[in-house]
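Taking the form predicted on its own, here's one chain by itself in structure tokens.
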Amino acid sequence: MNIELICSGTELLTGKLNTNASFIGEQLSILGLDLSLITTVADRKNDFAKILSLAKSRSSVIIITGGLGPTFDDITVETVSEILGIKTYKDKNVQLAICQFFEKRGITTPSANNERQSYILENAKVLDNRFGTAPSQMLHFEHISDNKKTRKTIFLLPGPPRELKPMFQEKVIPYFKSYQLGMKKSLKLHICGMAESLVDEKIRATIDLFADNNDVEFSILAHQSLIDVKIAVKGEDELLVDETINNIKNEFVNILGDNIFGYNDDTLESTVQQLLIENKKTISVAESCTGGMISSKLTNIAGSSLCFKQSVVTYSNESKITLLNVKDETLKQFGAVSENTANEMLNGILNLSKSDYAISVTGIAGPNGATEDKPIGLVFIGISYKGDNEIFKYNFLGTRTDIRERATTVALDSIRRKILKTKNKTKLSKGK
């Protein structure tokens, strides 16, 4: 079965990230199905019509995302109507649902433009949208080629991911389950502290064992000091699929050790939080060049109040002195970006917050502020557990944003390792 995805939206061709394509591809992959083609097309009717004409002749299922809104550039329904030769009608139930959607938000009279969204293809099944006004549709249609009729299916789905994702899982997945070919399960391993090339070198022997097995796939992806390794296994026996994934996972854990910080939906910050809560410990953060990014990540997770005590962003020298008691002579002799300042920032936040763990970060993110002996990308990261301070020096590459993101990632990974280290020491001392 050829499944084709058409993503409609000029914004997707001018820099906006298309998360819908990866989401749909992943969801189908779980069922053992694959997208045969993904096309992104601008909100221009002629371009859209050409792509759709090709799709209806070459694919048995067409999924279209976007173009179902109320504005002039939302052309999906009318284009599908013309290319498939199927009329539309005004659905009163859909119109009522749109009015109710606005009433719940205190708007008694929706814009006349929203009326466009109530037009449905004849014989299409309406898929209710719980999160927006654009109703989705599923339609079976006949395509004639060489005097042969073929039954095909088309889905019209909203573009905003917050609307598309629940709708796809609730309304579209059940359709594809009837075509499920066995199953496909996957596991992502998240790694920090190793270069992509070194990770590849370490796990290569294990991957090579499955070189001739088409049911086992591996992929590796690097982003801002983080490495993802994905294991995907297909099969008809769920127990065997699970066993294969678990065996490979155990091999990778033996090889990579604590460099693996989590799996699937885990993040560095969620892992740090979990470790802190499990060990009934608290943390505070003193940031300069990262400007609150570390604190933001840690407090973005529900339950952070159980372990996160305090943070300060001491961007200026004055704030470092007044808030963290960094000595004026330290700043004059060594500078704000130095091992000494990072250490005094650590002591300052620990004294201020009385937390168990602490992080400090000071650096030069650029594009200005560098000197001959202190280049752009120079960052000092401090971590501490009850006064046991460690300061690390890094020279990160990239843009200002890259440097700040890498510093944030490395800081979180450093404190993760510190927690694991102190946790293991505690176990050993209790064992004695």
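Think of the rigid core as the biggest set of C-alphas that the two forms share within 1.5 Å after superposition. Heads up: residue numbers just count along the shown sequence, starting at 1. This one's a predicted model, so the numbers in the text were calculated from it and none came from an experiment.
There is another form of this protein, the form predicted in complex with another copy of the chain, and it is not shown here; the text below is about that form.
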### Task
Indicate whether L13 is a 4.5 Å heavy atom neighbour of another copy of the chain in the predicted complex.
yes
#### Entry: Contact of F210 with another copy of the chain in the predicted complex (heavy atom, 4.5 Å)
no
### Query
With a 4.5 Å heavy atom cut-off, would you call E329 a contact of another copy of the chain in the predicted complex?
no
### Task
Please run the contact check for E339 against another copy of the chain in the predicted complex: heavy atoms, 4.5 angstroms, yes or no?
no
### Query
Can we say I231, N279 and K393 each have a non-hydrogen atom within 4.5 Å of another copy of the chain in the predicted complex?
no
### Task
Name the stretch, out of 135-143, 339-347, 312-320, 245-253, where some heavy atom lies within 4.5 Å of another copy of the chain in the predicted complex.
312-320
### Task
Find the only residue in A205, L240, L96, A302 having a heavy atom within 4.5 Å of another copy of the chain in the predicted complex.
A302
### Task
Using heavy atoms only and a 4.5 Å cut-off, determine which of L31, A370, A49, L35 is in contact with another copy of the chain in the predicted complex.
L35
### Query
Out of 48-70, which residues reach within 4.5 Å of another copy of the chain in the predicted complex, heavy atoms considered?
I51, L54, R58, P70
### Task
State yes or no: after fitting on the rigid core, is the Cα displacement of S53 between the shown form and the other one at least 2 Å?
yes
### Query
Does N264 move its CA by 2 angstroms or more between the shown form and the other one when the core is aligned?
no
### Message
With a threshold of 2 Å on the C-alpha, tell me if L31 counts as moved between the shown form and the other one once the core is superposed.
### Response
yes
